[in-house]
Structures are given as C-alpha cells and as structure tokens.
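Structure 1 and structure 2 below are the same protein chain in two forms, each given by itself as structure tokens.
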Structure 1
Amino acid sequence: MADHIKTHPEESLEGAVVFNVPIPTDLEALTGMAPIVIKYPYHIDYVHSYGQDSPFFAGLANKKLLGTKCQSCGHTFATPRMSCMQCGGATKWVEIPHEGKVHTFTVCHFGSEAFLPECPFVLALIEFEGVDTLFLTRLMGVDPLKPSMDWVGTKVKAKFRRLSQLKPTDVWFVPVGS
C-alpha cells in the first residue's frame, strides 16, 4: 500500500478521565485486573548557565563566531572549550572564520518533541580552514527534500539572527552565493 494511505491513527497520550474503577468482591480475582494506567504532566523551567563558555553566546549576539585556541599546542576548537582536549593546556578565545565547508550533514524528518514542528531540517557539521575541530549547526538554503552526497564539501557561510536568543541556533550556515 502506498505510504500516504494510513491504516491506523497515530497513538497518542490523549485519553478519558476516570475517577473510579469497579472492584470484584472476590479478592482472588484482583491479580487479573492490572494494569491501571494514569497520566500526569511534568513541566519544569530550568536555569542553565553557559558558565565559562558564555562569551561564545555573547559572540553570536554580536555576529561573531568565537572558538578557542590552546596556548600550549595550538590546537584550535571551533566549538569552544577552555581546557585543551589534546594536551590539557589553557585555551584563549579566538575568532573562527565565517566561511567553511560542509563536512557531513543529515535531513531530520523526525526529531525530539522540541524540534518536531521544524522538521524536515538539515543538521550539518562544518569544517574551517586552520581550525582543528568541527561545528554543529543548521544548514539552510538547500532543499531538504532533495538531499545529495554532493552537499558534502559545499562552501558555506555563517548567518546570524538579528535578535539574538543566546542559543547556538543564533548562527546557521547557507551555501556561499545563496
């Protein structure tokens, strides 16, 4: 059968509200009555500090890509870390080029609940000249319904939100020339 012809509805956590259930007089029969399933909400506001990585987000708000460079071995991280993973040396903040290449990518047709409304979207890892590690981002300006291995190696450039949200999605990449 064609994929778009549905044979059953999506399962969901919608259900009836029940305030009581019948119980048999014979307690021997109780072992047969499981399970009773209840539902409750679990919504929480979290406070999360970016801690030592905070300048990266301040950078995004100012249309800058900030990475870090090891003071001892020179290893340069596109995604910042204040302690070098290679040698344990201290790193300092440096600007990362706004142009790079697609190292790899995927098109997410499904996702975590938080991102479902945005599907399909393209996730990509970007490589930069003179930088030793990659950067995870959204790739835009390409047709998510026509993915191609040729996208790997595409030259891309950074774009920034005008109104920063202080999230890593303040920056995304598009093919150069688009």
Structure 2
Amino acid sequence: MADHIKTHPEESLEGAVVFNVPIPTDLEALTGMAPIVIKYPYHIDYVHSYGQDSPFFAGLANKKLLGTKCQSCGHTFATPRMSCMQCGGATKWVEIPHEGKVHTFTVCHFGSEAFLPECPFVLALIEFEGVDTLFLTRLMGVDPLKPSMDWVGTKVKAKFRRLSQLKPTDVWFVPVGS
C-alpha cells in the first residue's frame, strides 16, 4: 500500500479524552446504564461584517463615542441608526459626549460565556445631554452585590480598552471621580 494512503485517523489529545468508561459484562444491563456526559471544547471562527455600524467600532478603537443625528428633524441617537426612527430621514455620524448620567441599571447574575467571569455585573442605560436616546453599557466602579437606587442620576464617564477588540465591550462607564 502507498505510504500516503491513510488507514486510520490521526489521534490527538485535543477535545474530550476518555479513560475507563465502564460497561457491564451483561449486555442486558446496558438499558439501565446512566448516560455518559462530557464537556467538549468547541471552537468556530465566525466571520462577519459590521457593515453600516463600522464607524461606531472604529470610533471605539479611537476612544470616541459615535452616534447619529437625523439630518431632517435633528433627533440624536446614542446607539447609531442609519435612518431616523422618528421621521425616517437620513442620519449622519456625530460624536457624543464621554460623560452622562445613569438613567437606570440592572445587576446581571448570569451572562453569556464572555461575561461569566464578571458575574455579577451591572448593565446601565446612560443618558447624555443633547442626545435623545440611551446607551446600554456596563457600569463599573460600583458594587454589584450592594445595588442602590442612589446610582440613578449618578454622573458617569466613558472608559475605553487600551487595546480595542472591536466589540461593544470596548467601552464601559464609571462614576465621575473613579
């Protein structure tokens, strides 16, 4: 047989590695066997485009908060929109302030895989002067185990990752003075 023709798959130590899985000698007992449960790492490279939101992420990478403003009615969106939700007009990119105040918040005791190490964490809606909508972000510098309605109205400022990951989590807010 030629050397390049494989007769069996390559083995590796990646993924689930199983040792000594018990099996009864009496095959009739298999119907009562408990299920085997494994934890298996899974990875996929997901390629996507930020499309029309690309300027927002470019802004974060350059420590800028970008929103949009309607060219017809002037409504300003903290979370960018390409079309105005008030009148349907086209919008243009604008820089929004780095300081605002907490409008409301929630404490998250569970999150997606990326946030599990941070649980519990605080999500807040931030309001900015001159901006008509709110911005959803993490609020840090407060104790999530001692939430307080005193946080509502607290002045906060944006902080940015030193090395951008081009993700919404590249920005978060802390109380002014922190």
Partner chain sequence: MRTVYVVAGGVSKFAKARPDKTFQAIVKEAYDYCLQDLGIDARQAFELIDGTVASYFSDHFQRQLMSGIMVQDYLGLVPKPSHRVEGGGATGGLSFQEAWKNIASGHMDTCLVYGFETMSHVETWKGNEFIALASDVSFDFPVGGFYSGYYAMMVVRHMKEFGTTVEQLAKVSVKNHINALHNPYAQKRKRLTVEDVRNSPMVAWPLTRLDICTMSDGAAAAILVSEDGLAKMEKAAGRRLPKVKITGIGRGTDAMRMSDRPHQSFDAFYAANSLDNEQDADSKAYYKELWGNGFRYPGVHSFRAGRMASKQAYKHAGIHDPLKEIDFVELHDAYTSSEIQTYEDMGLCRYGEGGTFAESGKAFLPGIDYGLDLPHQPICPVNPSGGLIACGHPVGATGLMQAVFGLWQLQNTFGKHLGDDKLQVKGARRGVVHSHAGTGTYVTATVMEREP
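All residue numbers here follow the sequence of structure 1, with the first residue given the number 1. A quick note: this is a predicted structure, and the numbers were derived from the prediction, not measured. Take the two forms, find the largest set of C-alpha atoms that superpose within 1.5 Å, and that set is the rigid core.
The form predicted alone appears here as structure 2.
Look at Asp45: with the core superposed, its C-alpha moves 3.7 Å between structure 1 and structure 2.
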